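First, one chain by itself in structure tokens, the form predicted alone.
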Amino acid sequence: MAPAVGDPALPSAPPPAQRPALRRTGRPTSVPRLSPGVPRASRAIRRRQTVIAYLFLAPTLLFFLVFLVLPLLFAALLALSRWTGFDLSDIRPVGMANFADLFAHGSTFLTPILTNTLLYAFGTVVLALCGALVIAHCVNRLRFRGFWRTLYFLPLVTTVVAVGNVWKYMYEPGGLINGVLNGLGLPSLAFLQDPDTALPSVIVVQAWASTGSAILILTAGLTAIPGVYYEAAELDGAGDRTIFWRITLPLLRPSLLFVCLTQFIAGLQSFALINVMTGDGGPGDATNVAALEMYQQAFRYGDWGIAGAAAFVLFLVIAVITALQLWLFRRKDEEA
């Protein structure tokens, strides 16, 4: 017997106007539309959240505006002007004359000042990175890692004046280092008085003082490497040297990139340690670097235009070297 049309046992078919459109797969394709008020309310909520976010960021943005953007604009103005300081009414525009004076024939800015800057930064990065990598690899295998990392980090929290003065006395003819050399039967060396040894002597001190931060970063990177890679390599019979070159270094590349960038920028901008240990970049210009030359031109000779032009040249050098380092590391990552 056929069931009646109004029998509740059978579901009634929806009216044709309310049926969802069906694809060949049998799934409904119609999407329910939201009411017109929902997108408008969503936009209002997002706008309110954006305003609140900018209110929280306002102190940081104000800090960067006052201490970064405004000084950068003022330095650009000084680089194109002549100014002796203090009185803003004395600023006289001179165009590119300051940059022409920096690279004029007989100027010491390109050689030896900018050359010393690059050598100083490169030597600091090489010594600090190599030393930190070896020490971090050893510390990662020792007990009480926190104690060793703190011990190597202490030079970084010590003031530059204290570090420079201690090493300056150690480099003296009657200092500790020459005493050790004399004990070994070697003659004394005039570390800071000889133009050939003055810059390498300061590079060693800068590398020693900055090794602690590199060790801290590299030990964190070593700790983040999963141990399963080392276990698999040991099962395959790989030695310590193969594990270091094939596993540790490739996986430590992000930390190495960060250390290289920060150390190189710090080396290019450094001048306080040289000022403490050699005074004015002596003997002669053997230890004079770009940042120290900017300081002397501005505060000793009162030529703020030359100092501003040198600052922009140093900024371009830092930008180019940083971009080159990022490109090299990115290329190695793509090859790997």
Partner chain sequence: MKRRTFVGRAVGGTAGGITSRLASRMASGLASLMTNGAMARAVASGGALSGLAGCTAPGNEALREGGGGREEEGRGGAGPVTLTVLTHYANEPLKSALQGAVDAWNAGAGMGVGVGPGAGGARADADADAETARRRIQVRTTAVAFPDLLTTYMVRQAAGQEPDILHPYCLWTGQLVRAGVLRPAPPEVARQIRRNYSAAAVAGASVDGTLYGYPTEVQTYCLYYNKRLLHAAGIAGPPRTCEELEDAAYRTARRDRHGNTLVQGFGLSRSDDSTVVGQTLALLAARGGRFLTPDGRRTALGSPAGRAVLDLEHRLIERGAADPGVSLFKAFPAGQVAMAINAGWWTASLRNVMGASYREVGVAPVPGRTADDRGTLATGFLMGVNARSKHPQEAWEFLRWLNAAKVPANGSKAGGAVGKPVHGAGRSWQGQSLVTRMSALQVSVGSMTGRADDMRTLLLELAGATSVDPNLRPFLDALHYAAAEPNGPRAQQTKTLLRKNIEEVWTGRTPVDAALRTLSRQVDQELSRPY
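Positions refer to the first chain, counted from 1. Note that the coordinates shown come from a computational prediction; the quantities given were computed from them, not determined experimentally.
What comes next is about the form predicted together with the partner chain, which does not appear here.
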{"query": "Stretch in contact, per heavy atom within 4.5 angstroms of the partner chain in the predicted complex, of 205-213, 122-130, 86-94, 234-242", "finding": "86-94"}
{"query": "The partner chain contact in the predicted complex: residue 146, any heavy atom under 4.5 Å", "finding": "no"}
{"query": "Touches the partner chain in the predicted complex: residue 165 (any heavy atom, 4.5 Å)", "finding": "no"}
{"query": "Non-hydrogen atom contact residue 40 with the partner chain in the predicted complex at 4.5 angstroms", "finding": "no"}
{"query": "Distance check, residue 298 to the partner chain in the predicted complex, heavy atom within 4.5 Å", "finding": "yes"}
{"query": "Listed residue that, although the partner chain is not shown, lies within 4.5 Å of it in the predicted complex (heavy atoms), from 265, 77, 177, 247", "finding": "77"}
